[in-house]
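Presented below, as structure tokens, is a lone chain in the form predicted alone.
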């Protein structure tokens, strides 16, 4: 029951959004899609200790693979998700064989280079990708042959939320396995992990490939819901935004990745509607707050305030 409680809370929150905020379902679907992408980034940055600014390449390649599959072969949503996962994993595997030879700033800059190469490649392959106009004109079939995407975003929200929940469960199982624990050990002390006989590069390559698969699923969802794939799905800005979302929620915590994504996108949605030119000031202020104020100190301050506000709780303590 304790393990399933976080999932039950997420389902309850989704039900609340579905029935109380029906006008915001498209935004909620977008948050669920981005949450998968940010969680996949968390595997690489938070658990693996690999700082990257090219993760959007894995997201974008999954989106293009799903769009092209729907245009030329089949628009089955589940097969599209599989295609996105395979495309993301394949690009992560091929690029990881080269990238993981390096560490630190060199690794970071090379991930930016991979993202730029992918974006420019998609721009040049205009006959396949639509270039700067984006990939359009593909149709997505009904989910399980029963539910088609509607104008109000109801089906899209439920679909994205269920996929996000499955991805969250899979990633938690993965990072709780011996493989996940070994990756955390490598992050904490790479030299010691290597000294006891562990294959550091091999384990990190597996992690990077799996993270690519999840990022590809996020890209596939984005393509299916919006039915357009643009070059921005491969861009540096998307990688930077995802990293900000991860920092806001706390790296190394998959639930934090979901919370950071929701906070960033809700602030973006609300603040940019009020002032479309200066909403980044709020994000910047939040980042400064999160970085300068330790989370344990913040939670302790909140706990003390709650205890002072609840006399009964104070007596029990």
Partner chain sequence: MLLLANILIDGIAYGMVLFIIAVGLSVTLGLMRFVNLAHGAFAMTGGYIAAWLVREQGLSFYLGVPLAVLATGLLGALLEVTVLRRLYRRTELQQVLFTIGLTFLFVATANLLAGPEVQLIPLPPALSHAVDLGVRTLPAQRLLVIASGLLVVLAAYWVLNRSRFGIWLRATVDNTAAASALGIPVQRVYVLTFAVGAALAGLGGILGAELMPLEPYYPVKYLVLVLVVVAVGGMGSIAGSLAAALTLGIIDTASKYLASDWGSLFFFLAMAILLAWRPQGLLTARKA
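Residue numbers count along the first chain shown, from 1. These numbers were taken from a predicted model, which means no experiment stands behind them.
Just so it is clear, the following notes concern the form predicted in complex with the partner chain, a form of the same protein that is not shown.
J.: Should residue 109 be counted as a contact of the partner chain in the model of the complex, where contact means heavy atoms within 4.5 Å?
T.: It does: once the partner chain is placed as it appears in the model of the complex, residue 109 has a heavy atom within 4.5 Å of it.
J.: Given that the partner is absent here, does residue 273 sit within 4.5 Å of the partner chain in the model of the complex, heavy atoms only?
T.: Residue 273: no, not in contact with the partner chain in the model of the complex.
J.: Does the 4.5 Å heavy atom contact test between residue 179 and the partner chain in the model of the complex come out positive?
T.: Result no; residue 179 lies far from the partner chain in the model of the complex.
J.: For residue 102, is any heavy atom within 4.5 Å of the partner chain in the model of the complex, or not?
T.: Judged by the heavy-atom cut-off of 4.5 Å, residue 102 is in contact with the partner chain in the model of the complex.
J.: Based on heavy atom distances of 4.5 Å or less, which listed stretch (203-211, 112-120, 75-83, 227-235) is in contact with the partner chain in the model of the complex?
T.: Selected stretch: 112-120.
J.: Identify which of 263, 27, 287, 68 has a heavy atom within 4.5 Å of the partner chain in the model of the complex; exactly one of them does.
T.: Exactly one listed residue reaches within 4.5 Å, namely 287.
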